[in-house]
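In the form predicted alone, a lone chain appears below as structure tokens.
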Amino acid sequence: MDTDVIVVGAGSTGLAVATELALAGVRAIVLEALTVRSGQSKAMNLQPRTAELLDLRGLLADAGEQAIGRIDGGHFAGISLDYSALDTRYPYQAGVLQARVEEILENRFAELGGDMRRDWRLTGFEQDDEGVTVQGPETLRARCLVGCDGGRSTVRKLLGVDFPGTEATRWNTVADVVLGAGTAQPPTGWTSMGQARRRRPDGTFASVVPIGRPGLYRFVYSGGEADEPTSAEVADRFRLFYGDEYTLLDIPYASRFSNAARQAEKYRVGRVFLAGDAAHIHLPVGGQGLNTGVQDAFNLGWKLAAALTGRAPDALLDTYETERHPVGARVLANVLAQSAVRGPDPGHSALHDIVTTLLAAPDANRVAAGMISGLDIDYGGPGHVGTRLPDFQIGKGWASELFRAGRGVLLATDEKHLALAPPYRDRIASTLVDALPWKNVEAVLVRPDGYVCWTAPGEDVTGPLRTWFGAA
């Protein structure tokens, strides 16, 4: 074998998978078609759950240093959602560009000894009972392959996995542009909905928002065709919406996105896995695309590492699809719902008014906020099993700090619940605490991705330990 895992695609999802593998001591090679990292900003927000996941690995501080702003809440179809009622240390969206997230993850992957190979385009692969042989500029052999190569995923197509959903009916355009003052100064504030929004009588719209570097902005406008936008088109549309209000000085990057919504029927076929946009695509409404992909990666990475190192049974890998496929389906559903609410005809407008009224109710707002933020994900189980562990203080530190090494965590208010932990010390960090976040819970076993897999009182911890962490 040339390596344990080959990851195709060096976007945020692929790099997060690779970093999780490297943290667990599993060899990974990341293959990327681009010769250098794209400078385009792409997605630009971290939802609360993604911020929590990055914090589990000590990466949030680096991301925070790169933040261009902060929004104390979210939105559903443009209707404000209040995150302050959510049980999280990060009840806001952090304005961190996807390009910065990728840079942080790539740097961490390199620190962990990871192998990044650019200008490498996959042309084919074959899998057998022992591994996967990948063809491209060279032939590589690995035990597993993870396709994180975007909505047009070559891995998914070669794997023969169907990608059902709805066709694109309209396209929008996003461009990184350099602006100067015209008759007015460009905006300096940041919101996830964009600044300086303009809407024309025909229903077309545009917005600009600053993205960090002085003079650099994101310009988004509705319309366009399936082909990629030209600089001339971007300049023409900018003049249409803004006239001489601002001066367009440069257009470093521009791309098109559509309202197509698709999801892979399978996330795993044998030794090959799909994650991120290779597994699901949708209109970037509510800022869920990057976040869903990174959350896929955190779910898959530790499981793949545990199975390949023999620390957990291979059956653990099946839980990646059973847990993440429903999450992806729900994201597609809420995006389609938001698109319907924001439609231009009178029926859609009436629906928007009704949903606005409903979301004014605190309980309804809290439900929608939990969904968009990713904090309400529940993988199923009795009581708190299947939900995330809310971060809480332990002495002078935080529970999240116990997850830095990528291991599971066993917390207990009574030492008797820690008795079975010593044989698992290579897989689990265990500690005695004064209290846990929930009443009547004496102990909790948490997976490396921060989700609860056992609580006490209840069944003995032996079964969950074996299921999620293997034999002692």
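A residue's number is simply how far along the shown sequence it sits, counting from 1. Note that the structure is a prediction, hence the values are computed from the model and not measured.
Another form exists, predicted together with a small molecule; not displayed. Remarks below refer to it.
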Open item on the list: Looking at 357-365, 76-84, 177-185, 141-149, which stretch has residues with any non-hydrogen atom within 4.5 Å of the small molecule in the model of the complex?
Closed with: 141-149
Open item on the list: With a cut-off of 4.5 Å between heavy atoms, is residue 301 one of the residues that contacts the small molecule in the model of the complex?
Closed with: no
Task: 4.5 angstroms heavy atom contact with the small molecule in the model of the complex for residue 63 - done: no
TODO: Spell out, yes or no, whether the shortest heavy atom distance between residue 427 and the small molecule in the model of the complex is within 4.5 Å.
DONE: no
- [ ] Verify the contact flag for residue 218: yes if a non-hydrogen atom of it lies within 4.5 Å of a non-hydrogen atom of the small molecule in the model of the complex, no if not.
- [x] yes
Open item on the list: Residues 31, 45 and 291 are flagged as a possible site; in the model of the complex, is every one of them within 4.5 Å of the small molecule by some non-hydrogen atom?
Closed with: yes
- [ ] Could you spot which one of 121, 213, 239, 199 gets a heavy atom to within 4.5 Å of the small molecule in the model of the complex?
- [x] 121
Open item on the list: Going by heavy atom distances of 4.5 angstroms or less, which of 319, 259, 127, 98 would be at the interface with the small molecule in the model of the complex?
Closed with: 98
